[in-house]
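The data below hold one chain only, encoded as structure tokens and taken in the form predicted on its own.
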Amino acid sequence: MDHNTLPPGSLDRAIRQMRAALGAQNVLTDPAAMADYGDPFAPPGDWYRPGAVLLPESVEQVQAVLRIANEHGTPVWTSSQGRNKGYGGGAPRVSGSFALSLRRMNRVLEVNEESCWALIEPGVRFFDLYAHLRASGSRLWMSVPDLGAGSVIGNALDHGLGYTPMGDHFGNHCGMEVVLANGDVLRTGMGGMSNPHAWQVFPHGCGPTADGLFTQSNYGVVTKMGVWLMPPPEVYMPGWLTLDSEAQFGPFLEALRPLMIDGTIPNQPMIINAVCAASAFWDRKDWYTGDAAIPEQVIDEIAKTPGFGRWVMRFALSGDTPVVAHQRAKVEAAFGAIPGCTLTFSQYDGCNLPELENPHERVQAGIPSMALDRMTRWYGGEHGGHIGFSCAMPITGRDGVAIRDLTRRQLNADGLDYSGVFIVSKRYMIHVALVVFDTQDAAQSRRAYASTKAMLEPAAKLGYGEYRSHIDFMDIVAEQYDFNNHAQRRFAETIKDAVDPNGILSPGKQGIWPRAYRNGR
């Protein structure tokens, strides 16, 4: 690992002022107290770590933090909840920096039933928003990822995905409030007016639409955001598709693409391989105890488990009764011609859901869960962790097979199991390899990180770029976006130097370094 580290004592003078601004109890310096604000899957040894944790509760306190950071030139790494598991959590790229956690800014400010939106702060978790909707008697559905403990805003800003028809979380946001590096407060879109009536319904304004500049960037601190919700469907019909052969994976994707583009399948399906599916129920040792990658014949045995397969896709149909019946008929016709393909469905009243026991059915109905967190226990049990290797591509058999084979080949060569999923949207899919490892096993941890890094350039040569990155790989990932001598990065650096001349906000985020850090590139 190669990363910047602040010298000891760099934060001392600033810490005194931070305590005065936030209250001493909201400036954490004890290593035990800071443990939950770093990388939850940090391997043994030196790693990215905060030097102190700051916990503001208001926009005014965020402004105070940035004023003090500018005065002392101390870097501040921002996170909403810091639950971005598999990508480094809330750990800063410059070790020893302030970690600015927005967990205490956790209010649901408004819910509008008529136009189906909520205005929230960055500390609001998916669990919190769901609880607020139910407690207030709201009929509205939200969208959630597989793990509900993260921030709704933080997930959207990192281009995270959920599994209702509103599953493109940033695509279904509307309007932001941002504290810029100099402490100025900006509201995007219609929020630029003093008394807007359309801030949470019309996503633009008059002039440049700035919202996207604050995703995966280090240009400001998002303190409010509007999120779109949806009315409950008349029918909610979760479905399962299983494939008993890897050979049918490509033809299956070809059959899936038209169903996504024309909206027959309205949500965002997840396609899960046998090893990943097994990790939600068992430890690796329940199937195999060897040191090498799990053999094909063992994966075949896993695939024979009822409800499994070499690949399994969860998805959901929804809408009015005749619409869902038509959707189902089209799905059955499209996949019925694929040998070894099996379909099953459940059906519920979307306006009066029962208590759903299956966590997959829960998240596709916008109900947060933590059940699938068990997947990290495949290696190491309680000490299991994972890295997300996450590339975007078209929904084609050619692309799906290519990334599957590249990833499986590299991980298996390094003695690691290929645990893979594809999250499918309307015109693209994200392949996420869950590179699982035992965080207490130093040798296996090193192999996991080295193996993931080894896949970045070969994937880019095939045309697949990571859509989000672990903190340890951000510079390597940015290097792959090389069109016209890295024009994207040069543009990002120009903006960085203009809006944050002292370089205090999240230096190194997505490979965007302030001028003072760039000389040694």
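Keep in mind it's a predicted model, so treat the numbers as computed, not measured. From 1 onward, residues are counted along the sequence shown.
We do not show the form predicted together with a further copy of the same chain, though everything after this point is about it.
Proximity to a further copy of the same chain in the predicted bound form, taken as heavy atoms within 4.5 Å, picks out 459 to 467 from the listed stretches 23 to 31, 65 to 73, 41 to 49, 459 to 467. Among 349, 373, 300, 320, the residue placing a heavy atom within 4.5 Å of a further copy of the same chain in the predicted bound form is 320. A heavy atom within 4.5 Å of a further copy of the same chain in the predicted bound form is found for exactly one of 342, 209, 358, 245: 209.
A residue is said to contact a partner when one of its heavy atoms sits within 4.5 Å of a partner heavy atom; residue 58 fails this definition for a further copy of the same chain in the predicted bound form, lying far away.
a further copy of the same chain in the predicted bound form comes within 4.5 Å of a heavy atom belonging to residue 257. Under a 4.5 angstroms non-hydrogen atom cutoff, a further copy of the same chain in the predicted bound form lacks residue 412 among its neighbouring residues.
Not displayed here, a further copy of the same chain is kept clear of residue 110 by more than 4.5 Å at the level of heavy atoms in the predicted bound form. Annotated contacts: 194, 213 and 393 all touch a further copy of the same chain in the predicted bound form [non-hydrogen atom within 4.5 angstroms]. Along 478 to 498, a non-hydrogen atom within 4.5 Å of a further copy of the same chain in the predicted bound form is carried by 480, 481, 482, 483, 484, 487, 488, 490, 491, 494, 495, 498, in order along the sequence.
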